[in-house]
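Presented as C-alpha cells, the chain that follows is alone, the form predicted alone.
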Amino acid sequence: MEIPFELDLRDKVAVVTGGYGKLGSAFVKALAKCGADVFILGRNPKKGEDVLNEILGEGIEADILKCDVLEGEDLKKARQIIKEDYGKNQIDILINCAGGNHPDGTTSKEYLHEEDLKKEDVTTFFDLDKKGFGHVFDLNFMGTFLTTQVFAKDMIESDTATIINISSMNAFTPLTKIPAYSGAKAAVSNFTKWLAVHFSPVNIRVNAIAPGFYLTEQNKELLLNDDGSYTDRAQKILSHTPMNRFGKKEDLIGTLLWLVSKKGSDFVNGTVVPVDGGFSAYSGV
C-alpha cells in the first residue's frame, strides 16, 4: 500500500485497536510505513498474525498484543507490556478503530408494518433484545471510552499527542435497520467533541474520521449478492453517493495522516471528518 504523502513518525508510538480489520490494518500499515512503532490490539491473535505477516512482507514492522477492548484488565496489561517489555513510556497516537455491527442489533426491514408483528421470521424493533443491542453499543462506544481511559494517561507528556476515533455516516443520519450501530457511532462523535475540550489543557488533540461506505467482510452480505452483483441496499447507497462508488481503504489514509500530523492539523480539534464521496452532503434531490 502506498501512502499519499511523506510523514516522519520515527520515534513515535501508536496504539491501534481493531487493527486486524480491512480499515484498521490499512491504518497500521500507513503509520508503520511512516516510521511509527505500532502496537495492534485485538482479541484474535491468529487473525492478527495474518495482518502482521502481510505488514512484515512489505518491509515494515508492528507488534500484536492480545486484548479485548471491553476488558479493563486486558487494556491495563497491554499498557504494562508496552511500557515494561518494550520500554515505551509515552504514547503519541491512539487510533480507536475497534467496532462493528451485529445481527442482534438489526431489524429485518426498513419500516414497521402492522402485519410484521405477527410474522415469526421478521425481526422488528420490538424483538431487539437488550443483550444484543448492548453488545453493539459496548463494542463501538465503550471500547473507545475504556481504551482512551487507559492509554491517554501516557499521552500527556507527548508534544504531538493525538487521538483519532472512528465514527460513521450513521452518526450524521442513522441508516435504516441498524439502530444499535447508529446510536453507538453517534455517541462516539459526541464523545470525540467532549474529549477534545476536556483534554485541551494537556495538549491532546481528539478528532474522528467518519468513513462513508466501504466493502468489508462485515457488510459484504448486505451489499453483495451471491453472484457478486450489488444488492438493492448497495444500489441505494451508491445512488446517494455523488462519486458513485464505494470507498477504498486507501481513501482514508490521507485524512488519517493529516490528523496525525502536528504541522498539518495542530489547530484541528474536536472535528468529525466525513470521508464519504459526498454522501453526507447529498440531500437526495
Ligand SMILES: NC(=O)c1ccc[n+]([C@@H]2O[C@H](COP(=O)([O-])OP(=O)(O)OC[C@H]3O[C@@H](n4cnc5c(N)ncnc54)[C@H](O)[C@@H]3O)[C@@H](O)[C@H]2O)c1
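None of these values were measured; they are calculated from a predicted model. Residue numbers here begin at 1 and follow the sequence given.
Another form exists, predicted in complex with the named molecule; not displayed. Remarks below refer to it.
Please identify the residue among Asn53, Gln218, Asn244, Ser229 with any heavy atom within 4.5 Å of the named molecule in the predicted bound form. Exactly one listed residue reaches within 4.5 Å, namely Gln218.
Considering the named molecule in the predicted bound form, which of Ala98, Ala78, Met155, Val136 comes within 4.5 Å of it through any heavy atom? Result of the distance check: Ala98.
Leu31: touches the named molecule in the predicted bound form, heavy atom cutoff 4.5 angstroms: No, Leu31 is distant from the partner.
Answer with yes or no whether Gly24 is in contact with the named molecule in the predicted bound form, where contact means some heavy atom within 4.5 Å. The answer is yes: Gly24 has a heavy atom within 4.5 Å of the named molecule.
Counting only non-hydrogen atoms and a 4.5 angstroms cut-off, does Asp68 reach the named molecule in the predicted bound form? Output for Asp68 is yes: heavy atoms within 4.5 Å of the named molecule.
Do Gly277 and the named molecule come within 4.5 Å of each other in the predicted bound form, heavy atoms counted? Flag for Gly277 set to no.
Looking at 78-86, 198-206, 167-175, 108-116, which stretch has residues with any non-hydrogen atom within 4.5 Å of the named molecule in the predicted bound form? Among the listed stretches, the partner-contacting one is 167-175.
Only counting heavy atoms and a 4.5 Å limit, does any residue of 172-186 reach the named molecule in the predicted bound form, and if so which ones? Going through 172-186 in order - heavy atoms within 4.5 Å of the named molecule in the predicted bound form - the hits are Tyr181, Lys185.
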